[in-house]
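Just the one chain here, the form predicted alone, laid out as C-alpha cells.
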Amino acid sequence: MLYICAGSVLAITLTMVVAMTQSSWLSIKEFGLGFLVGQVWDPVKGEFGALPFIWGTIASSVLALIIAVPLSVAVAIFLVEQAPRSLARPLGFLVELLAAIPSVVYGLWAIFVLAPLLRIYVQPFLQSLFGWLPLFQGTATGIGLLTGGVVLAIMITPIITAVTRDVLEAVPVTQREASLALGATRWETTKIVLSNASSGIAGAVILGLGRAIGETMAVTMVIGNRPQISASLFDPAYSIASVIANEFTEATGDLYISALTEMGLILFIVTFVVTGLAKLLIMSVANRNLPQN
C-alpha cells in the first residue's frame, strides 16, 4: 500500500507532463525552440513568444527574494533568539496569519495602498538617488515590475519566516549553552546556530521561491501585464502565470490555446528545475556541515 501511495505521486506528475505536452504539441511543432526566445506575443497574427513572460516571472521572483530573505531571516532570529517568550508567541502567530491571507486580498491591497505609496514616495526617491542606473529610469506609475516584486516579497516573507523559525528552534539548546559557557556573546552564539541551520534556511528560501514563481492573482493585478523586456523596475512586465490566467478563457483558435498550454508546461519545468537545484543546494550545505573525520 505504501508503494502504491508513493507511486501515485510519480504517476500524477507524469500524467500532468504528458497531458500538457499533448495539448501544447501544436505550438511546439509550429515554433520549436524559437518559442522560448521569441519576444512577440500577437494572437491576432498568430505570433507567440514566451521570452517576455519568462523574464517577468524570473525578475519578479528574484526581486522578491532579494527583499524577503534578509527580512524573513532577521524576523525569525528575533523570534527565536532575542524576543521574550511573551512577545515571540503573538508575533509568531501574526506571521503565520499573514501566510494564510488569500492572494487576491494582497492584490487588492497592493492596488489601493502599495501602488500609490510606491508612486508618490518610493519611486521618486529611488530616481533621485539612482536615476542614472537603468533599473530606476522610466515613468513612476506605481504599477510595474517593482510593485509585483514587492507584493511577492510580502507574500513569501511569512512562509520563509515560519519555516526558518522552526528550523532555528530545532537546533539543540545544548549548542547555545555550550557556546555561551565558552564565553561567546549572544550574537556569536546566534551565528553558530545559523551555521547549523543553514540547510534548513536554504530549504525555506526555496519554498518561498516556489510560491513566488507560481503566484498569479496578486501579481496580475499590479505588474502591468505588458509583454516586454525592460531593464527598468518601473516599467510594466508580464509573468507566465498571469498571461495564462488573463488570456486562457478568451483564447480562440487551436494554436492560441496550444501556446498558452505550452506556457504552463514551461512554468512546470522551471519550477521542477528550481526545486531540483534547491535540493542539491540543501544537500551540499548539509554535507558541508557534517563533522569531518
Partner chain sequence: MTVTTAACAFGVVAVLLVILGFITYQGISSVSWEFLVDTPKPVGEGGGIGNAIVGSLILLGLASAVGIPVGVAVGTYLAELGGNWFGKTVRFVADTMIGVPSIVFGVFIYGLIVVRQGYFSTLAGSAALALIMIPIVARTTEEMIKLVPNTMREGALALGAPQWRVTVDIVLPAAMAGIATGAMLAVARVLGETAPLLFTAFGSRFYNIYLDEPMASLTVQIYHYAISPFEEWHAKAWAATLVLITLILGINILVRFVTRRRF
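Superpose the two forms; the largest set of C-alphas matching within 1.5 Å is the rigid core. Since we're looking at a predicted model, the values are computed, not measured. Residue numbers count along the first chain shown, from 1.
Form predicted together with the partner chain: not shown, discussed below.
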property: Residue (of I120, A170, L135, V104) lying close to the partner chain in the model of the complex, criterion heavy atoms within 4.5 Å; result: V104
property: Partner-contacting position among V95, I206, V163, L126 - heavy atom within 4.5 Å of the partner chain in the model of the complex; result: V95
property: Heavy atom of each of W25, T139 and A231 within 4.5 Å of the partner chain in the model of the complex; result: no
property: is_contact(G49, the partner chain) in the model of the complex, heavy atom dist at most 4.5 Å; result: no
property: Heavy atom of I156 within 4.5 Å of the partner chain in the model of the complex; result: no
property: 4.5 angstroms heavy atom contact with the partner chain in the model of the complex for Q39; result: no
property: Partner proximity in the model of the complex: F78 to the partner chain, non-hydrogen atom cutoff 4.5 Å; result: yes
property: Residues within 4.5 Å of the partner chain in the model of the complex, restricted to 261-276 and counted by heavy atom; result: T261, G264, L267, F268, T271, F272, T275, G276
property: Core-superposed C-alpha of F268 shifting 2 Å or more between the shown form and the other one; result: yes
